[in-house]
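Just one chain follows, in the form predicted alone, and it is written as structure tokens.
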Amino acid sequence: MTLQIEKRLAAVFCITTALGLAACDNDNDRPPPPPPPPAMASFDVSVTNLTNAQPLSPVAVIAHQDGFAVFAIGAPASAALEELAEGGDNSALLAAADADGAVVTSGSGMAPVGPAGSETVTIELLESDLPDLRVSVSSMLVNTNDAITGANSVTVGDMAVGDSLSVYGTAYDAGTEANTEAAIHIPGPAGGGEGFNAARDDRADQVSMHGGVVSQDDGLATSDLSGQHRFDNPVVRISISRTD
């Protein structure tokens, strides 16, 4: 069969007949292809416990733009931060963050982080949210009354894929519960007592640098903590890597 005949046969095949036979398909009849999925970015946020005997509550990781902060030194702790600082429960803090217009996404660790242990939380977001992106991390030192640690507003928006950075977190006093060091007010394994209590009995009622625990070994007879529960700053190392 010659090439000319093949072309004529193809043309005949594509002609719509008067009897209503379907016409050959063409590009105009096809639906447009779906748009490509939006570009995404991913970060691994790893928290390492540097203390001797202070387990950390499951960490809260919040990715946000400027205008959001977990706390401010010298200002009262929010009710959500109080729940974290006294009981180690980060659910209210994460819910409040997710309701804030400056927050892009958030995540939580799966379990407490023991001394010398670490946990990694992965967060994923739209690449279009990268400009001015910051990451904040929060956790409770559970063998205390209301000590917290973490980092506020670490800038990560300019990180390229494969980049990593590390920061160190100190201990802060949430200022919501008096530092009695009594087991009935310590939720960690050193106490096993009450966690969150809405009553604020710390006269300061403001977030400040934590002075550390005193403990019974240091002469505080009413303390249920021992010298092993003391801590020096920094208490955590936070490593952030952009993976995608």
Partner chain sequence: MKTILKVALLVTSLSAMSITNAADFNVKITNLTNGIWYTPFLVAAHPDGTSLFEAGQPASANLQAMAEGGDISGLVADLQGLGATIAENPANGMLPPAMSADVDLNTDGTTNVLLSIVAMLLPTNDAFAGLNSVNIPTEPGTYVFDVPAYDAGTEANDELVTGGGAPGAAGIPGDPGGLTGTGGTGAAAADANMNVHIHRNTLGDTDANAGISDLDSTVHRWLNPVVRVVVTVR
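Numbering follows the first chain given and starts at 1. These numbers were taken from a predicted model, which means no experiment stands behind them.
Another form, the form predicted in complex with the partner chain, is not on view; read the next lines as being about it.
Taking the partner chain as it sits in the predicted bound form, is S57 near enough to touch it, meaning that at least one heavy atom pair lies within 4.5 angstroms?
S57: no, not in contact with the partner chain in the predicted bound form.
Hey, in the predicted bound form, is G162 touching the partner chain, heavy atoms inside 4.5 Å?
No, G162 stays farther than 4.5 Å from the partner chain in the predicted bound form.
Using the partner position in the predicted bound form, report whether R242 sits within 4.5 Å of the partner chain, counting heavy atoms only.
R242: no, not in contact with the partner chain in the predicted bound form.
My question is simply whether N52 lines the interface with the partner chain in the predicted bound form - judged by any non-hydrogen atom within 4.5 Å.
Although the partner chain is absent here, N52 would touch it in the predicted bound form, with heavy atoms inside 4.5 Å.
Within 4.5 Å of the partner chain in the predicted bound form, counting heavy atoms only, one of 66-74, 213-221, 35-43, 185-193 shows up; tell me which.
Comparing against the partner chain in the predicted bound form, the contact stretch is 213-221.
Of these, A95, A116, L126, A111, which has a heavy atom no more than 4.5 Å from the partner chain in the predicted bound form?
Comparing distances to the partner chain in the predicted bound form, the residue within 4.5 Å is A116.
Taking the partner chain in the predicted bound form, which residues of 225-244 have any heavy atom within 4.5 Å of it?
Heavy-atom contacts within 4.5 Å come from G227, Q228, R230, F231, D232, N233, P234, R237.
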